[in-house]
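Next comes just one chain, in structure tokens: the form predicted on its own.
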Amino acid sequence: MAKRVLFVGAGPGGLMTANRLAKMLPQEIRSGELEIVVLSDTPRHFYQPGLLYVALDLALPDGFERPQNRLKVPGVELVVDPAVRIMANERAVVCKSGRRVEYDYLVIATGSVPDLDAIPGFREGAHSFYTLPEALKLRKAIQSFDSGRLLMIIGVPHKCPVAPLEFMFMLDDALRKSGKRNQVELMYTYPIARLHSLEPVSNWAEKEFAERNIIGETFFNPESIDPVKRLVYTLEGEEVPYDLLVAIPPHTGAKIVKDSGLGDNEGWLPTDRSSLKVIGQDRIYALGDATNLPISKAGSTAHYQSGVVAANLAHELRGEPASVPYDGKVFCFIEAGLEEATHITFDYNHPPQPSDPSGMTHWFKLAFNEMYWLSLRGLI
């Protein structure tokens, strides 16, 4: 009887890992010894970092979307039927349609979900770019914004942790090019004692803010938003006015993780930092945003983890020990304007060190936006 590896989630982590595993074990698939099945909640795949460019009117959404079934390699079966419950004791997943899919090994790549209701008044008073409808709404608001204070508030945790900084730098550059910068006050806030959770990134951003006249305020934890008075109330007791509010919603784990009793109160999966197995579950791996690991929730995190999970699954399916460790590696581009970017790379033991922004790095970033589709297929 064939062994089945089941993937819940067809985002970058799930689909990339499934494709890599299929490339590692083609003989087992051809002989009928192995089945690789991916459960997706949508027939379309959207490149989420593209939402930043959509919000700033630098790209159209269509360029960041592809059909899921065109992104899988031979040997991978894609099933568009949202998973609603994981029954770990029975090694089975139940889908929305009622379908029950059994597995020998399970990979949970359910990502993270922006919670637009975590802060009262968010939906009525704030703009964001973490979903396509929100990004399109923000694009329209920016197009008609000529003067006043643009305030950014940030909830944590959230995926792509450098995206709020990118937004401020790119908008600053766009306003300067349009001649509106002198009429707009840019104010960025962060919940802890620095401008970013990673201290080297915070130090770099602080210097850039000073040069660009961007106001940075720390220990700023939004409690509620009054969309009529255009005020943000904070846990620290402040009342901060705004003319245009850009807010990064805090994220939670997927509902299926909570409903299945596998995650913590916020829906994050307790994950071994080296093996990437769900703690207490020898046949379940987790990767990407779904884990509780103390690293960035970013596409590159899932990219590096996918190689580890695919290799260890291949070992286990051949009766060998799962011996490939994950070292916490993450790589992120950071747009520093419309024509310059920097990058950071780090792992569990080595902190990031942002390089000086350059035009070449910016073009590398744009090139990767296109190469992403190749990476999904396990080609890079």
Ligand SMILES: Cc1cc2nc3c(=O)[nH]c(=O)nc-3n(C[C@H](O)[C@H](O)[C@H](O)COP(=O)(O)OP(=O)(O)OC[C@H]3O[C@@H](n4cnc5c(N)ncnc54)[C@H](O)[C@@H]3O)c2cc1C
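It should be emphasised that the depicted structure is a prediction, and the values quoted were computed from it without experimental measurement. Don't overthink the numbering: it's just position in the shown sequence, from 1.
If you look for the form predicted together with the ligand, you will not find it shown, but the lines that follow are about it.
Contact check for Gln281: every heavy atom lies farther than 4.5 Å from the ligand in the predicted complex. Looking at Thr42, you'd find a heavy atom of it within 4.5 angstroms of the ligand in the predicted complex.
Proximity of Pro82 to the ligand in the predicted complex: non-hydrogen atoms within 4.5 Å are present. Within this chain, Ser112 lines the site of the ligand in the predicted complex, having a heavy atom no more than 4.5 Å away. For the options Phe169, Tyr190, Tyr130, Trp268, the one in contact with the ligand in the predicted complex, meaning a heavy atom within 4.5 Å, is Tyr130. Contact with the ligand in the predicted complex, judged by any heavy atom within 4.5 Å, is made by just one of Ala298, Leu71, Leu186, Ala174: Ala298. Per the 4.5 Å heavy atom criterion, the ligand in the predicted complex is contacted by stretch 300-308, the sole one of 176-184, 140-148, 300-308, 268-276. Shown here without the ligand, the chain has only Lys365 in 340-371 lying with a heavy atom within 4.5 Å of that partner in the predicted complex.
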